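Quick setup: one chain, the form predicted alone, written in structure tokens, and binding and motion questions come after.
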């Protein structure tokens, strides 16, 4: 049980290519041995729901609200510089996107604010309040990110969405950061002495699509969800993030490696409409240890003609292998493909290059078919506990796109807006399985 104490608050002509198990070398990495891999249409065609990857049914309406008075969704723990869950004077901290629970679920992203919670045991959480002082963060609102603790200094990375001071709501996304100080005593945790907020990453239009390029097509636009990662093999530090492959749709051409093997492509022609899907997972490297200076690198992975959103990417290292995880929605697959609301994963012997889909397809976790939208925004901790939030439950035959046309009463009654039960997974090589379901909020 969570006990809460409120405190103070595309098809075109084909060309010759190299294809290896659906994963191919990106031209940008022709030198240095680095490579961007493709999550292919052939990979996705192998998706099957089974007992190892399908979550049990959750009655969203019966879940305890983590923060009475607020909707809570995307959540991440405070990490130390090496990427472990941090503990400061015995306290653990998590951060969540939040909005007052009087706001319709479909509108929460328009006013999202980051709030934090603290806990001694990693399962019973006290709401501490807003992370940043009101009016100091960049953007019209803040979307998901990560936080790293170095000594008593916190480095917060987040998505600044829209431009601060603009009256009209916009969806421009930039990655921003700020540094502050953590303070803790026997009564709880607070943050103070925040320095200047600054934009540290913007899409370059080459590897990562700009908003202006995206507006020339029908697909999505993303440059968000910065996640801290330190490579234990090299000591180099990075941010991973969600993006879209650069260029406008009119400049995009189909490449056989997007589909997979030649045999698969011959048997499964790619619909022209698939051109609008161009999701990717980006990476930027810290320059000379300066956490305000990041160098954009070519993406770790692309899903061109496959999927338009690879959200909240993050890496967990286990048995000297790199496990790259990301989330995606049912309605974000390219024309001619189908996949569940789920968390997807890939494995490599190195941080950059070589990723192959886990379980053959990439699927690691999926909502059950009878409740396809019950949870989302999963994040794997170093201990292989998967934290997510309760989304929409028991919609019968409605799709997520239908929800906004329902009455406010319907929307509120079917929306979770709190943490979902944590899921424990196991990993062995390139296979994963669900081990058990733990209580809400469990990050131990």
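If you're wondering where the values come from, they're calculated on a predicted model, not measured in any experiment. Positions refer to the first chain, counted from 1.
What comes next is about the form predicted in complex with a small molecule, which does not appear here.
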Query raised in the report: Thinking of the small molecule in the predicted bound form, which stretch from 262-270, 346-354, 142-150, 114-122 has heavy atoms inside 4.5 Å of it?
Result: 142-150
Query raised in the report: Even though the small molecule is not shown here, does residue 92 get within 4.5 Å of it in the predicted bound form, heavy atoms only?
Result: no
Query raised in the report: Any chance residue 225 has a heavy atom within 4.5 Å of the small molecule in the predicted bound form?
Result: yes
Report task. Verify the contact flag for residue 392: yes if a non-hydrogen atom of it lies within 4.5 Å of a non-hydrogen atom of the small molecule in the predicted bound form, no if not. Result -> no
Query raised in the report: If you check in the predicted bound form, is residue 109 within 4.5 Å of the small molecule, heavy atoms only?
Result: yes
Requested in this report: Only one of 358, 127, 97, 175 comes within 4.5 Å of the small molecule in the predicted bound form by heavy atoms, so just point that one out.
Outcome: 97
Requested in this report: Have a look at 73, 323, 373, 294 for me and say which one sits with a heavy atom within 4.5 Å of the small molecule in the predicted bound form.
Outcome: 73
